[in-house]
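The form predicted on its own is given below as one chain in structure tokens.
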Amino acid sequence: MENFTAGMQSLATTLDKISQRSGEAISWLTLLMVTITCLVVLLRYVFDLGWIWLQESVTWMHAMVFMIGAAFTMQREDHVRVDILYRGMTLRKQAWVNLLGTLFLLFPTTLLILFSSLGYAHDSWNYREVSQEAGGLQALYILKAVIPLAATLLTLQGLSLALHSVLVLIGVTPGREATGTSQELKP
């Protein structure tokens, strides 16, 4: 049993690291978004210049930050939630809520998004879809490929949350400190 639970902990930690690294990597786009937004404003109002592709790039980066960063945000427990009941629960009850929510809400949603977006992204890649705006970005298929990637990352992070919850329920681990999050669940 120890090998099994150690394997569960190892897998959960690995999945947490995937979310951590993808979130840290994509977070650099926020700096680039701010820089390009300032550049767009400067070009438009000081030099009376503007390019659709430059403005679109900010929208695309914004979409990528939210989609790819969702798993990282979930891993850190930074999503907005109304937890009137949850925060007062024991660690064990929180683990049950997390496990059941992951199994019956998160997984069906992310798997639906994943499987329904695969064909959408595949068709976009086949046609080498471009922006419908004149002068817009030419590789819309890259943005559409982020949709199944985001669903995959959220599913993997959900698996990590489920594993951590099971470990709490069987009494192997006292909480989520193995995930690297700074927040701890209440005992």
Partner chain sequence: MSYAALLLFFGVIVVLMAGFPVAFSLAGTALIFAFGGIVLGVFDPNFLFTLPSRLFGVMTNDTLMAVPLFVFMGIMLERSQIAETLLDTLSLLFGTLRGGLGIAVTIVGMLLAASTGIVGATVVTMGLLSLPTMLKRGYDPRLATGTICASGTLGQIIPPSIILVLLGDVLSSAYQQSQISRGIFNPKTVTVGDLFVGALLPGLLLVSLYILFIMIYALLKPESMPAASPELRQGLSGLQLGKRVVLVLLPPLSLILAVLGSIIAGVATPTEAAAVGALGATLLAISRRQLNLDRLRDVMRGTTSVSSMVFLILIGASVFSLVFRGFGGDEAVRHLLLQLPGGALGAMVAVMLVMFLLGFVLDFIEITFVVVPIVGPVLLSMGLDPVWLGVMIAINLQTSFLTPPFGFALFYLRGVAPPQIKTSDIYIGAMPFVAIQLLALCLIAIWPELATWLPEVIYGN
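Just so it is clear, the model here is predicted, and its values are computed rather than measured. Numbering follows the first chain given and starts at 1.
Only in words, not in the display: the form predicted together with the partner chain, which the text now covers.
When contacts are judged by a 4.5 Å heavy atom cut-off, Q55 counts as touching the partner chain in the predicted bound form. Taking the partner from elsewhere, L149 is found to have every heavy atom lying beyond 4.5 Å of the partner chain in the predicted bound form. Mapping the unseen interface onto this chain, L153 falls outside it, with no heavy atom inside 4.5 Å of the partner chain in the predicted bound form.
L49 falls outside the set of residues with a heavy atom inside 4.5 Å of the partner chain in the predicted bound form.
Residues of 91-115 placing a heavy atom within 4.5 Å of the partner chain in the predicted bound form, in sequence order: V97, N98, G101, T102, F104, L105, L106, P108, T109, L112, I113.
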